[in-house]
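Here we start with a single chain on its own, the form predicted on its own, put down as structure tokens.
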Amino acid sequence: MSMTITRRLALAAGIAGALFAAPAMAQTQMTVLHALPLNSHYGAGAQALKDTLERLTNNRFRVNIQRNDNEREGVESVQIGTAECVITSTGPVGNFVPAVRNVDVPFLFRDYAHARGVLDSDIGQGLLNQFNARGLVGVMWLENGFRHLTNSRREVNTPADLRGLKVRTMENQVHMRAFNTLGAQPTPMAFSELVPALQQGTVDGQENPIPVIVANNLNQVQRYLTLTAHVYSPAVLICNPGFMGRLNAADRTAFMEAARASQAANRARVTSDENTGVDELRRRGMTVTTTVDTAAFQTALAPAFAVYERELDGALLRRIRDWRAQ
């Protein structure tokens, strides 16, 4: 064998060895937490995030979706880095980012177009920017929906009908003040504790958007539904700052596109559930009160509104109320 052929074979072997020794493109495993069943508006948002990010990165990112009914624990997991991201209602988020409490004020948003428009505007981005100082990254606004009241004791038609009802609320001081003002007995607890508390009579009722009531079959433990629409409940995609900081420019672009897909899927599912959910709950046997004297509830809440203006950001609340699409 000539020296030239020997050198060629050696070179080819070296190249082959280098190719086999080269590591495959590193794969990034990430976890997204949320509190609801897979077949829900949160599930739709999480699945869209997973599908879009994995497709855009040719599966270099693999997204694991996990359910955790305790939203506060979900935010804490992201803060300390045991999970990369969480989709959560804003209910517990005000305990981490106080400015978020402003969007939990009752009767702040007129309708879905108003709420989505505000949160997608510079107002919403300004709130997301405040997550950074709390060891979190607010990535994208999603939604839970307008909250309504259910209970197992009686029909609720007026604020007076709430007096004495033990109502489970989120661990949220803004919501608790509102129910106290209306004469109810707010009982804060994690969502994971809700159904047992309703079954055992620890609480008489609860308040949640139609999509949550439908997805969790709360009709099995509640008889009466009143369409109070007393507060719009945003949701938010929150991620760990270390995880976000490690994304290169291309991966960050892909991640933000996946977050937008998550928002679109989440809101589309809320809209669908809102359009069909009340009839479905009637079919399941709930008594539904559709005509609500909203003005009476707003009047009854006047003392709470005065406190919100003083203790929260009154100027921001006015900006939100006055917002109109351009």
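Don't overthink the numbering: it's just position in the shown sequence, from 1. These numbers were taken from a predicted model, which means no experiment stands behind them.
Missing here is the form predicted together with a small molecule; even so, the following discussion is about that form.
- Just one listed stretch, out of 115-123, 131-139, 165-173, 152-160, contacts the small molecule in the predicted complex at the 4.5 Å heavy atom level, and that stretch is 165-173.
- When contacts are judged by a 4.5 Å heavy atom cut-off, residue 147 counts as touching the small molecule in the predicted complex.
- Although the partner is absent here, residue 212 is a contact residue: one of its heavy atoms lies within 4.5 angstroms of the small molecule in the predicted complex.
- Put simply, residue 208 is close to the small molecule in the predicted complex: some heavy atom of it is within 4.5 Å.
- Contact check for residue 71: a non-hydrogen atom falls within 4.5 Å of the small molecule in the predicted complex.
- Among the residues 53, 36, 281, 261, the one placing a heavy atom within 4.5 Å of the small molecule in the predicted complex is 36.
- Comment: the small molecule is not present in this chain, but in the predicted complex one of 179, 191, 109, 255 has a heavy atom within 4.5 Å of it, namely 191.
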